[in-house]
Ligand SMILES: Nc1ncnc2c1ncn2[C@@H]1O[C@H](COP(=O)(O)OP(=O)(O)OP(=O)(O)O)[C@@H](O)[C@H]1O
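Just one chain follows, in the form predicted alone, and it is written as structure tokens.
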């Protein structure tokens, strides 16, 4: 097999938490990560977030993944522009950035952009997943090749289309001194896990609602975007009966691989969560406890329980959620990504930079053990300026 080419890649990620666009640079040949570079962030405005929330609701009736009726067309334009602005700001901020400390590796220019887009609907059971964002328009504006629409090929072949980060987690964990089995948990709007155990293929799946239920509940009650610092949940009382009712959903009986739409638990939480009768503190506490308990429910489906959990994403900044996870996952070690030297807030953006390079070389992005796809598959659509 010929040697793989090292490329500089920018990854762009806007997750189901609807907070904004993360930007991350790395140099990789698609197998090894040779250098990390600067990161960036472009938050969505409140007005943009309102349009994206409306798009999520409108997308529930979609049957054609290419259709953009009503507010979806406006939302796609917002996502494309926000990602372009994120890259332009990153370029300006890092105009004079050169080698990493020590000068051992001078990062090459940006050869490709990995553009995840914004997921508005994910229903792999009917082979449908929709990530909005115009990759061709982004490539023209940035004047650089773009890889986008990463999940469609996997879902079209019968896979879950998520999670897509395990192959990146494997590369990251290869130089990490932690006992295995090792679980990497990303808590965005949806929570997903990668389990690494020796030479076996990674096992991965979505595990539960992540921040979505908490964020939506707090936004509806207070107008705030999230439970900042987990302060509301810390002041509330958990309704353990409600948590047990929510854990009775069929999803938690299924083994991996499996995946979720952002709004998968929305109706159940309203019916079984007792949220209409709860104070904002008690509701936040109950949903935070459910989020932690949902993560723990994956452990019985694994061959061996993880000895160590590394937590990334927005949920890692919620001390109340982190405390509940530590309680539910004991005696395993639970630590945030930054403690092991990773950039937890930009891990998924780094992953899509890595995946973009793999896509250029036709390397697999998903595996039977991560998405349930019949065989290892590449993916993504490559467009040029």
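It should be emphasised that the depicted structure is a prediction, and the values quoted were computed from it without experimental measurement. Positions refer to the first chain, counted from 1.
Keep in mind the form predicted in complex with this ligand is missing from the figure; the text below concerns it.
Residue in contact with this ligand in the model of the complex (any heavy atom within 4.5 Å), chosen from 135, 202, 181, 230: 230. In plain terms, the part of the chain that comes close to this ligand in the model of the complex, with a heavy atom within 4.5 Å, is 306 to 314 out of 306 to 314, 278 to 286, 232 to 240, 293 to 301. In the model of the complex, this ligand lies within 4.5 Å of some heavy atom of residue 318. By the criterion of a heavy atom within 4.5 Å, residue 111 is excluded from the residues contacting this ligand in the model of the complex. Proximity of residue 226 to this ligand in the model of the complex: non-hydrogen atoms within 4.5 Å are present.
Contact annotation for residue 211: at least one heavy atom lies within 4.5 Å of this ligand in the model of the complex.
Interface residues of 184 to 205, taken as those with a heavy atom within 4.5 Å of this ligand in the model of the complex (partner not displayed): 186, 187, 188, 189, 190, in sequence order.
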